[in-house]
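Only one chain is given next, in structure tokens, and it is the form predicted alone.
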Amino acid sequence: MAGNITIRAADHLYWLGRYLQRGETMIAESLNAYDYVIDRNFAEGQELFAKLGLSFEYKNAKEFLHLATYGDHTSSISYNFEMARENAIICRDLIDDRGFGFLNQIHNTLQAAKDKDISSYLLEDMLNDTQTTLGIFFSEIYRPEAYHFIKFGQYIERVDLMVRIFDSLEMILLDIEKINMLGHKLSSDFKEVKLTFSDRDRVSILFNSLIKQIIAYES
């Protein structure tokens, strides 16, 4: 692994990127499903989470949105921002104050709304804040290597979610190019990845294993 970032810090930066991307995706997809649950397809929310290996029931659109946001599962919006914040705290000295501030604001907003009816408008504002946070962490001006790990995690998560939610390999081709570019920046030993099969489970396994080429995890 190149540079002076420790294995521990690199791992937390990588997972910060993954949890932020999953949080952003789940906000967007949950809001989209919510619109359908209201008056077009009541089962849309169940169909979305079934693609992620989850199953739950809801009585109305508001209950669906609450389960998507605060449900006891690893695809919930609140879980992903909680985990993103925990990883950000651990590598706090490597990330931008403004980016951390936006992430902390999202986390605090979610905690404050936990015992209330979650609003789609609140989630829309949160989506904008998440995109701003990712934009800040995409900057290479001050902390290029640290942000490369965040971006690497983000693109790995995008590939994983696009394959699982949309079952489309065409949608991930640009992300694969970016993953290869970042992989080479982070490790001289990185082996460029190419898709030679179409099974989505194999695709997910392949991309989820790429970080091991860069971070030498202790056994």
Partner chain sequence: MVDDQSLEYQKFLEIFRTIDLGKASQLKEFLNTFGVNFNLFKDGDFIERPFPFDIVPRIIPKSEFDHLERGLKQRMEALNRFLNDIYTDQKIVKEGIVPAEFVASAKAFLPNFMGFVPSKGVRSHISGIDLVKNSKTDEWVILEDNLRVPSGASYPLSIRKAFRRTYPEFFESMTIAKVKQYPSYLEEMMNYVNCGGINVVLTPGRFNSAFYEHSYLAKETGAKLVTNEDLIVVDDILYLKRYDGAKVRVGAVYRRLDDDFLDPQFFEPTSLIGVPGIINAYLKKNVAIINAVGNGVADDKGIYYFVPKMIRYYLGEEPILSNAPTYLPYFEEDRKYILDHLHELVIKDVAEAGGYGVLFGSRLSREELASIRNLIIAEPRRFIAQELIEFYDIDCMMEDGLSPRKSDLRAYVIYGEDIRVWSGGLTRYALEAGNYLVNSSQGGGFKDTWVAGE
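Just so we're clear, the structure is a prediction, and the values are computed from it rather than from any experiment. Positions refer to the first chain, counted from 1.
Keep in mind that the form predicted in complex with its partner chain is missing from the display, and what follows is about it.
- Interface residue remark: N108 is counted as part of the site for its partner chain in the model of the complex, having a heavy atom within 4.5 Å.
- By the criterion of a heavy atom within 4.5 Å, D93 is counted among the residues contacting its partner chain in the model of the complex.
- Residue contact check for A10: one or more of its heavy atoms lie within 4.5 Å of its partner chain in the model of the complex.
- Interface membership of N104, defined by any non-hydrogen atom within 4.5 Å of its partner chain in the model of the complex, is confirmed.
- Screening A33, I179, L161, L186 for any heavy atom within 4.5 Å of its partner chain in the model of the complex leaves a single hit, L186.
- With the partner omitted from this view, the residue of D117, E124, E86, D72 that lies near its partner chain in the model of the complex is E86 [heavy atom within 4.5 Å].
- Every member of the trio I5, D97 and A216 reaches its partner chain in the model of the complex with some non-hydrogen atom inside 4.5 Å.
- Residues are counted as partner-facing when one of their heavy atoms sits within 4.5 Å of its partner chain in the model of the complex; in 146 to 163 only F149 qualifies.
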